[in-house]
Each structure stands twice: as structure tokens, then as C-alpha cells.
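Coming up is one lone chain in C-alpha cells, specifically the form predicted on its own.
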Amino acid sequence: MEDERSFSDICGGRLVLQRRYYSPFCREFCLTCPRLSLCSLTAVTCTVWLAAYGLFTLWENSMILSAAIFITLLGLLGYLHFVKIDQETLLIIDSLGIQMTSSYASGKESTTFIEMGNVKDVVINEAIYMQKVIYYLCILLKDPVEPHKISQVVPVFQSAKPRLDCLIEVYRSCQEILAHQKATSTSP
């Protein structure tokens, strides 16, 4: 079963949450951010090239124009490959674990897997960000030495930064799966 809903991020931008239910104990949540805007790309490129042309007219050195083109292209490629994330996915499987995947605009993917035995809980936390209180979903990992303590906090959907209403939907589904996993692991 799959459904799709629109939400907004902390800045008011549009996000799309796709929920896929493979079984009662395997769910995937996919947050899609807006693609790179052609208008903003054009504005940045024109600004850099106009500044380079202004410097060229002052110093009459063609290396300035070549450098501006080269820097713009390298900057764009670096932004698309290392910064701009188009999609973030959280896959939670009851008996196996949690997988987080980030898909960059260049096509590169980064995946992190956490075994279910290492997961203590999934919570919604709050933080102060740019003079605002924001909420974020995070996974609490058990301390291997003392299982009652938390060793690490792993934030989810770091790039998309969805608002609380979106996080609550993902949180409730994660809690259902975690509750079932804890019930089956403690039963004889």
C-alpha cells in the first residue's frame, strides 16, 4: 500500500511524504524536496558572470572571465554532488533494523543501516535553529556497555527539515513497529 501527502518544511517550502506499507512490520517513508530551481541557478550564474565581466572591463584580463566560468561550473557540480539532497528515505523493518538513505541531486546515494538490536527508541526532539524552535526525528542508540543508557543520537531527515505534523506521522508508525519488536523479543 502506498500513499502520498504534502507537508511543508521549517522554511515553508513544499515537501512530499510517500508512505509505503510492505507489511504490518515493514514501512518506508520517503521525503522528497523540491528540485533545484532554474531561476535561482540562473540568478547565481548571471551574478557571478556579471561581476567577472565588470572586473574584466577594469583590468582587461581574459583570465578573469575564464576563472569565473570555471569556478561557477565547479561550484555547481560540488553543490549538486555534496550538498543538494533531493530525497531522504527511512525504511524500518521489525526484525532487521532501520535504513536511512539520502539521494543527492547528482544521483549519488548515501545509506546508513542501524541494526534493530542497537535501537533503544525513536523520538521527536526539539532544538533551537536560527532563533526558532524546530522539531526533528531521531533514533536513540543503546550503549553497548550499559544497555539502559544512550550512546548516540542519530537525526533523521536532516536535509528536508519537515515540520512537526509530518514528523508525528512517521513517529507513530515507527513506534508501532518498535512496540511489536519489543513485544516479540521479550515473549518466550
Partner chain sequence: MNLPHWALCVSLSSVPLALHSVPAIHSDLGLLTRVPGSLGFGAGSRGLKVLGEVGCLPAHTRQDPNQRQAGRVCLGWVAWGRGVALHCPPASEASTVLSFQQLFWARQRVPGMVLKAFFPTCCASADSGLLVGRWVPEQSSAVVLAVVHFPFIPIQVKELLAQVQQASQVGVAVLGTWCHRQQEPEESLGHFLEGLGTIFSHEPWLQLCRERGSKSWSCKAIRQQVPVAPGVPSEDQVMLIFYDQRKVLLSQLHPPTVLPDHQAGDAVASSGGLAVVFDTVARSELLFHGDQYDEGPVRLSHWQSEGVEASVLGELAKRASGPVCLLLACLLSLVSAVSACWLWKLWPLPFIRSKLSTCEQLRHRLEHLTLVFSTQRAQSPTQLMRKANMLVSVLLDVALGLMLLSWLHSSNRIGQLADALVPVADASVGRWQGGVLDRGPHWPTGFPAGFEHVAEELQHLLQWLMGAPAGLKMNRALDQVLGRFFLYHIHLWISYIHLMSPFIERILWHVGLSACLGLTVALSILSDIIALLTFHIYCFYVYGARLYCLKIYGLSSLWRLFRGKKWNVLRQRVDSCSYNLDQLFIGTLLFTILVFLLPTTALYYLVFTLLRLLVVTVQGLIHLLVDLINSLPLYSLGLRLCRPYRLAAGVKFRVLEHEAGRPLRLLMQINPLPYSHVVHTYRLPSCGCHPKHSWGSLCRKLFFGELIYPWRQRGDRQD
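A quick note: this is a predicted structure, and the numbers were derived from the prediction, not measured. Residue numbers count along the first chain shown, from 1.
We do not show the form predicted in complex with the partner chain, though everything after this point is about it.
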Original post:
When the partner chain is placed as it is in the predicted bound form, which of 64 to 72, 132 to 140, 22 to 30, 40 to 48 ends up with heavy atoms within 4.5 Å of it?
Top reply: 22 to 30
Subject >> Interface membership of Ser8, the partner chain in the predicted bound form, 4.5 Å heavy atom rule >> reply: no
Original post:
Does Asp94 reach the partner chain in the predicted bound form, with heavy atoms at most 4.5 Å apart?
Top reply: yes
**OP:** Would you please decide whether Thr111 lies within 4.5 angstroms of the partner chain in the predicted bound form, comparing each non-hydrogen atom pair?
**Re:** yes
**OP:** Examine Gln99 and determine whether its closest non-hydrogen atom to the partner chain in the predicted bound form is within 4.5 angstroms.
**Re:** yes
Original post:
For the spot marked by Thr89, Glu169 and Arg172, is every residue within 4.5 Å of the partner chain in the predicted bound form through some heavy atom?
Top reply: no
